[in-house]
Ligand SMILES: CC(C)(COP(=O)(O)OP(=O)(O)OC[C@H]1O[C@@H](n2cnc3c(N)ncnc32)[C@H](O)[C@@H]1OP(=O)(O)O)[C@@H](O)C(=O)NCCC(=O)NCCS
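Only one chain is included here, represented as structure tokens and corresponding to the form predicted alone.
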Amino acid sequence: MYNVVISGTGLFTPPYSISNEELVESFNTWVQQENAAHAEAIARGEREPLPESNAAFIEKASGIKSRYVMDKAGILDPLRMVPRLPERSNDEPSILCEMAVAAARQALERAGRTAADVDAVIVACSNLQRPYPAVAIEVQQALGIQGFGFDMNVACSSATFGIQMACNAVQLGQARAVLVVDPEICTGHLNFRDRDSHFIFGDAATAVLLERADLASSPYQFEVLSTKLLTQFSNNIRNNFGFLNRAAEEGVGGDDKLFVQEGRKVFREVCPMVAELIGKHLEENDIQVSRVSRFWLHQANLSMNQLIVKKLLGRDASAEEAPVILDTYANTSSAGSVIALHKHQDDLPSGALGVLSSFGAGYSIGSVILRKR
């Protein structure tokens, strides 16, 4: 059995950013158009007027101020409110591959590695653009990696679940190094005409290189001390889009073919589950919570993260202990916790402990205990 380290991380940030104010202006324009078009029905009491959104409400409810996106114009067009991402030919790299490769190259550079040093690629994300061939194999080819690749989806926990799969392969000697890549175009499955969720998601891609500790030479190493995963079925976060939709015409275009959630239930049920899992994971490894210098948590909702860490520490966490990238990136599903790791790691001293944790639909929860080398 080999010890495993994270030797490099990478981040691809899309070229466009949308502020809360811009998003609200588009949404409210659409609301006004809808209410005007149905004014008579509203006056007769046959239809409720649609409520407008509010930028201050969005920030208070979520902690989000803006989000990066792969397309801005299509989202902000009140007549469209969907990103415009033209189809590419099969001979061109897919958009997910393009994002993944950009993040992967950065991770390889930080790790001081080339494609020749890597034996496997895992694309782990919530929103794969096709069933097959696997995007991971496309990324593998684009980078020139020999070995194998596969896709996996555990929603917002895909990155931490992918990290455990990579650790297993390296520990057992099946691979010297494995790239775990998380390309997310969350705006593609977001209903921008739903007041309760139109502000939640952004787009991004992250990459993590895991390799044998005895072979690693990177100055950015974190030893993977332990991983722990948990799933428990829930319908409170769901997306019913899939290839069988065409076999049931009555459901085509329904709201449930995009992201839907029962937000209050998710908050109430997931927060204690995550705190309990992380606490138990640390206890199993004889690590007191007070020894953890940093919690890189899934970036879905600021209040959720604050509550989870407060349950663990018994007090409010500082910005250094639980860094936030949610304000500028919004919820990027599986990429969020890795963005936090990527941006808030270099200041930690050798020997410092950290926990990378994700949680989301499933329910699915992942915890990875790391130690700076």
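Numbers for residues come from their place in the sequence shown, where the first is 1. All figures in this text were calculated on a predicted structure; none of them were measured in a lab.
The same protein also exists as the form predicted in complex with the named molecule; that form is not shown, yet it is the one meant from here on.
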Of Val266, Ala275, Cys167, Leu96, which one comes within 4.5 Å of the named molecule in the predicted bound form, counting heavy atoms only?
Val266
Identify, from the list Leu258, Leu229, Ala134, Ile200, the residue with a heavy atom within 4.5 Å of the named molecule in the predicted bound form.
Ile200
Flag Asp117 as yes or no: does it have a non-hydrogen atom within 4.5 angstroms of any non-hydrogen atom of the named molecule in the predicted bound form?
no
Using 4.5 Å between non-hydrogen atoms, is Glu52 touching the named molecule in the predicted bound form?
yes
Just checking whether Leu297 would be counted as a contact of the named molecule in the predicted bound form - the rule being heavy atoms within 4.5 angstroms.
no
Consider Ala322 of the chain shown here, and say whether it contacts the named molecule in the predicted bound form, taking contact as heavy atoms within 4.5 Å.
no
The named molecule in the predicted bound form: within 4.5 Å of a heavy atom of each of Val154, Asn239 and Ile365?
no
Just one of 40-48, 312-320, 336-344, 55-63 has heavy atoms within 4.5 Å of the named molecule in the predicted bound form; which?
55-63
Under the 4.5 Å heavy atom criterion, name the residues of 322-359 that approach the named molecule in the predicted bound form, in sequence order.
Asn331
